[in-house]
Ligand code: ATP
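Consider the single chain below, provided in structure tokens and representing the form predicted on its own.
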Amino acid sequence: MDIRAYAKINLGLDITGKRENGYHELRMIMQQIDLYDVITIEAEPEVSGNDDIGTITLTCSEPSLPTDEGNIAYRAARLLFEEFRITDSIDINIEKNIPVAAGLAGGSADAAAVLVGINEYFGLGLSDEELMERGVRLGADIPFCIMGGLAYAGGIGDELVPLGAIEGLTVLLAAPDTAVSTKWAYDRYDELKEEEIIHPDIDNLRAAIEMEDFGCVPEFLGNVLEYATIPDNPDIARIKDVMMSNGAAGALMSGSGPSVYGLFVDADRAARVFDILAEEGIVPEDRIYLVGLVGGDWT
């Protein structure tokens, strides 16, 4: 069984508080894009007759990633294996295409795909909502990665409202070859003074989408984590400047970064900016992507 694990970008990300358990209260608009890892699941029936939980073997095309409990996809498999006492052995392979630690929810997408795949493979009968309830125990982005498409997210990112689909915009994504820890970015944000931050207008961004006024969407893009991440990663600002000065309707860092995307009304112009970024060498060419919107307008 092969499953696509789609990356996401944040059209809007605001932090409104922090819970006692350390999680941040968020208001976000998230959109899946047509950049994905491929998760392959194969199982062998248990023939020994005992009731021990089956062996989980994880492999990955990215050698820097762990293949044991240190990988959230492994933990996702273990969660269902233990709950449902699955005795078959399973092999999971992750073909990584989403850059690692880039603000694109690649790890969460992989874990979501594993939950969906095991549920289907073994006929567990869990609904998407039930999978999402289990997924949030592992990571706040996993429920969205299970639901997919385009959504408003509140709470810690797990209170989701689907928003339909955006049409008429092309996405140019650039992922600098630098890893940014999500925890580091949120810790840095917590050190900032409130007067240093301009919060994005999530309400008007959501309203523009719901009214299908897609031309206004780029006007309301915003991500407060830029204040935390950009000072130590100036290439993020450089990429945004290149995109905006060459015709992007809007450009923004995704998640905790360092990935940056631009929204373009003109797909040909987006392709030209792809070439400009590659020529200037700010980002390796193999880490620049022209992508469609999953559940929206494919380019």
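Here the structure is a predicted model, which is why all the values come from computation and not from measurement. Each residue number is its position in the shown sequence, starting from 1.
Below: the form predicted together with the named molecule, not depicted.
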Using a 4.5 Å heavy atom cut-off, which stretch among 264-272, 245-253, 63-71, 227-235 contacts the named molecule in the model of the complex?
63-71
Residue within 4.5 Å of the named molecule in the model of the complex by heavy atom, from Leu131, Ala102, Leu221, Ile209, is Ala102
Interface residue in the model of the complex among Ile94, Ile166, Ile202, Ala113, criterion: non-hydrogen atom within 4.5 angstroms of the named molecule:
Ile94
4.5 angstroms heavy atom contact with the named molecule in the model of the complex for Thr170:
no
Counting only non-hydrogen atoms and a 4.5 angstroms cut-off, does Gly135 reach the named molecule in the model of the complex?
no
Exercise: Thr182 in contact with the named molecule in the model of the complex, heavy atom 4.5 Å
yes
Please tell me whether any heavy atom belonging to Pro143 falls inside 4.5 Å of a heavy atom of the named molecule, as the geometry stands in the model of the complex.
no
